[in-house]
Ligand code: UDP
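Take a look at this single chain, the form predicted alone, given in structure tokens.
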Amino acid sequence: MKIVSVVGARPNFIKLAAVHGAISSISDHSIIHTGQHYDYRLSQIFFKEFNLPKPDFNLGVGSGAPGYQMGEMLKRFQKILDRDNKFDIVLVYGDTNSTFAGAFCATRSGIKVAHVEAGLRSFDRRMPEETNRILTDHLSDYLFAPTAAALKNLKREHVTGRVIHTGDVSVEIVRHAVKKLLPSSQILRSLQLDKHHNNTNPYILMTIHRAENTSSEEGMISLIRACEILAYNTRDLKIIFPIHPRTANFLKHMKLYRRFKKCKNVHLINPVGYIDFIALMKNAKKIVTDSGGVQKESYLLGIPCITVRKSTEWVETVEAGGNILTDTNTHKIVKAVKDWNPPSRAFSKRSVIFGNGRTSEKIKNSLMQ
């Protein structure tokens, strides 16, 4: 059996890391990197950290408007499919532009599609990722649903593919990172955060990269204002912000970058690899993010998450009490950082929500069948 995985962004690489070892034992597994994330810290470093093989193909698409980016992916991926590479299954992950492009091109070429992390819904069409999820699910032949809510969504939409409730691959990856890889991280020491383990001088970890936020001047000003208020009211609280290239470019374009950098409590750093990022998450007091993956990972690590979005695809983390939605409302963000403290029982449903860490094995068995 010949399987090809299509990846192009950080969330794709992480899911691939969990699945590659399992499916390589039953198939000839190739990897296509679309080049959606071209920054080294957002791409190649993940292959190195998880000991993944070098991609068999790199489409080198890079950044661009969504229509242009996906058009280039389709054009370049089709050239690979038109050659002698006869794949049985195209495996796609999550909800990125690379995910939908891979699924669409495979379907038009008569190749079966398997979707890892199928069925997630935020019910917010402002999010490009929501469109990618829906379209990919309705093109897929095998849909690996990570949660019970995702399973219900797929049944309600009457998708034509086979739906399998597998649990979430992040359980395996986070567990492996914490047990085996975390001791090698030097990020806390390099940022002088290693003394914060006892929370006498804690820090908040922040990530912002979603298109709905990085294209909104009003939203970014609200976020900066929240940081300024926190700097004034809680002077010992640091905010560590690994800044995404898209976010940095937007802030500079809107002439907001200097204002953000002037916040005394905000420490802007370059994007970091997965292991260093897990180390930052695990030792943070709270996390402020608009990332879907970070919401899930923070819940698995037992760290309170403040999500600066109107809605989320990880509804279970909100219902359990470990995640709170504030949108980019300045007052709500400040209040959540200062006053919101979920009870420890909020994180007690990890295995119930996301599974027991055998997702890659279930995916492998489904593909074998």
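Numbering starts at 1 and runs along the sequence shown. Owing to the predicted nature of the structure, the values given are computational and were not obtained by experimental measurement.
Heads up, the form predicted together with this ligand isn't pictured, but that's what we're talking about next.
Asker: When this ligand is placed as it is in the model of the complex, which of 289 to 297, 158 to 166, 179 to 187, 217 to 225 ends up with heavy atoms within 4.5 Å of it?
Answerer: Correct option: 289 to 297.
Asker: Taking this ligand as it sits in the model of the complex, is Tyr203 near enough to touch it, meaning that at least one heavy atom pair lies within 4.5 angstroms?
Answerer: No, Tyr203 sits far enough from this ligand in the model of the complex that none of its heavy atoms falls within 4.5 Å.
Asker: So in the model of the complex, is this ligand close enough to His267 to count as touching (4.5 Å, heavy atoms)?
Answerer: Residue-level check for His267: no, no contact with this ligand.
Asker: Indicate whether Lys285 is a 4.5 Å heavy atom neighbour of this ligand in the model of the complex.
Answerer: The answer is no: Lys285 has no heavy atom within 4.5 Å of this ligand.
Asker: May I ask you to state whether Ile14 is within 4.5 Å of this ligand in the model of the complex, using heavy atom distances?
Answerer: Within the cut-off, so yes.
Asker: Pick from His209, Lys112, Arg76, Arg259: which residue has any heavy atom within 4.5 angstroms of this ligand in the model of the complex?
Answerer: If I apply the 4.5 Å criterion carefully, the residue I get is His209.
Asker: Under a 4.5 angstroms heavy atom criterion, identify the one residue in Leu81, Val272, Ile89, Ala149 near this ligand in the model of the complex.
Answerer: Result of the distance check: Val272.
Asker: Determine the residues of 218 to 243 with a heavy atom within 4.5 Å of this ligand in the model of the complex and present them in sequence order; the list may be empty.
Answerer: Sequence-ordered list has one entry, Pro242.
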